[in-house]
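In the block that follows, a single chain appears as structure tokens, in the form predicted on its own.
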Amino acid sequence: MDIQERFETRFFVAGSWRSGPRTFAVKSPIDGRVLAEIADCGAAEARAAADAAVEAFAKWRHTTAYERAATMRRWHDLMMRESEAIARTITLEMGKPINEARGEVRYAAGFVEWYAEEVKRLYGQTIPSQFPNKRLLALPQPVGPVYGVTPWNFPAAMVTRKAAPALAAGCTFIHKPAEQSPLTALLLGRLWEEAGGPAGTLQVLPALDPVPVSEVLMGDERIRKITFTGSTEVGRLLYRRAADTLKRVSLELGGHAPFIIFDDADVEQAVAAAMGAKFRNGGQTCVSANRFYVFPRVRKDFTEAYTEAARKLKVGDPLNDETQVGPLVDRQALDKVTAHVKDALARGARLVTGGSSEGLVYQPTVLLGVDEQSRMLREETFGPVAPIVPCESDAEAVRLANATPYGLAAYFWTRDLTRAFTVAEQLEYGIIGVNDGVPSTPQAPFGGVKNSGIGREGGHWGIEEYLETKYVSFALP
């Protein structure tokens, strides 16, 4: 079946697919063509979704863990059945190389599978009482209807990383996908419906302008939680707005990941880890390595090997199985990468490879001699650009790595066990990859510190974000 036949263009509210009064175009970064004209939701659609989520919550919260697990297991199986359709939709709407998109589908389905299992392990506690006639219980309860906002760079995985634990906990979920990549979210909504997800439990509201939707849902006291992945600036606005109704908040925000190559590194393995950390999804991930600090003994060998590996990356059409780096998501993303490289060069950096673009494809780029005040060493580039910076000591490496307001992910390569532990303890980040350029997995906690956010996704930590504790004291006769 032609993938375009699978594009859902309506929004999903209260268990039905509806056409709105407005539409907007979803364009492919591959060639600029319009993939679909889809419903553009606003305040009225958000109010309808809120009403449906509240109504559905009253029933969904009281289903058994086994009932919710069974529905989620069916959702997982359908995602795997339609994995190629989901992967192609991801590639078409945001440009991710098709093999990476297939990996994202497996990763996204992994969250559904994990929480289908984890929901059956939401244990309460009994608490000893000092009175012989009292029995004290602490019970986990779903927090309530949830509003979730996801970014474009992982159109499937960011949905399931939030919606799967929420639904498993007994919450209902209203999803606002990024305007660049709503087609994947709508397809996942269709599969939730096919899995038997009750009306109003999962709803999808695509919108070109997120403000009207967010104003309604953030101002509604019945929506008890906001979960957001995106920029720190928008995260701060939502955090402030959530205070008005005292919503629970989870925020996964910007990053500026360092990658330290210590002097005892195995260069070949360090290069392999660094390539995954930098060029996966063209550098368009929140945990992408943004700056490389390399020690003297391995600097020459690492730089040469890393540059050669970057030059060998296959760049082009992301629908081609051989492609490793595809287009950036849109012109704004390309402009930012271009500006960061120009700024570094103007401050004296030396271009080793790359530094040019064709269409929205930016060539994998390596820079040397990048000044400490360069934008790319202070801001998240979100593109396939690797600045290599000299570093002389462990203390300097930790200082430079921590010299940022962000704290999502950090990486380093060493064969020294003592250094591995001490540096991991000193780095001010929520995720540390030691000799590992791709540490994320559904069963582990994902999240940052400082300006990189609040809360954790993944593992049992992820479902706890959607639970409250109810204390029950029984006084027996």
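Just count from 1 along the sequence shown to find any residue number. Quantities reported herein were computed from a predicted structural model and do not represent experimental measurements.
One more form of this protein should be noted, the form predicted together with a small molecule, which is absent from this view; the next part is about it.
**Q** At the 4.5 Å heavy atom threshold, is Thr229 in contact with the small molecule in the predicted bound form?
**A** Yes, contact at 4.5 Å.
**Q** Should Pro151 be classed as touching the small molecule in the predicted bound form when contacts are defined as heavy atoms within 4.5 Å?
**A** Looking in the predicted bound form, residue contacts with the small molecule include Pro151, since a heavy atom lies within 4.5 Å.
**Q** Quick one: is Ala138 in contact with the small molecule in the predicted bound form, heavy atoms, 4.5 Å cut-off?
**A** Although the small molecule is absent here, Ala138 would stay clear of it in the predicted bound form, with no heavy atoms inside 4.5 Å.
**Q** Does Ala273 reach the small molecule in the predicted bound form if we count a contact as any heavy atom within 4.5 Å?
**A** Answer no; every heavy atom of Ala273 is more than 4.5 Å from the small molecule in the predicted bound form.
**Q** Looking in the predicted bound form, is the small molecule within 4.5 angstroms of a heavy atom from every one of Glu179, Val234 and Leu237?
**A** Yes, the whole trio is in contact, each within 4.5 Å by some heavy atom.
**Q** Quick one: of Leu253, Ala168, Ala289, Val204, which gets a non-hydrogen atom within 4.5 angstroms of the small molecule in the predicted bound form?
**A** Only one listed residue qualifies here, and that residue is Leu253.
**Q** Quick one: of Gly103, Gly124, Gly316, Pro210, which gets a non-hydrogen atom within 4.5 angstroms of the small molecule in the predicted bound form?
**A** It is Pro210 that has a heavy atom within 4.5 Å of the partner.
**Q** If contact means a heavy atom within 4.5 Å, which one of 257-265, 81-89, 386-394, 142-150 is the stretch that engages the small molecule in the predicted bound form?
**A** It is 142-150 that comes within 4.5 Å of the partner.
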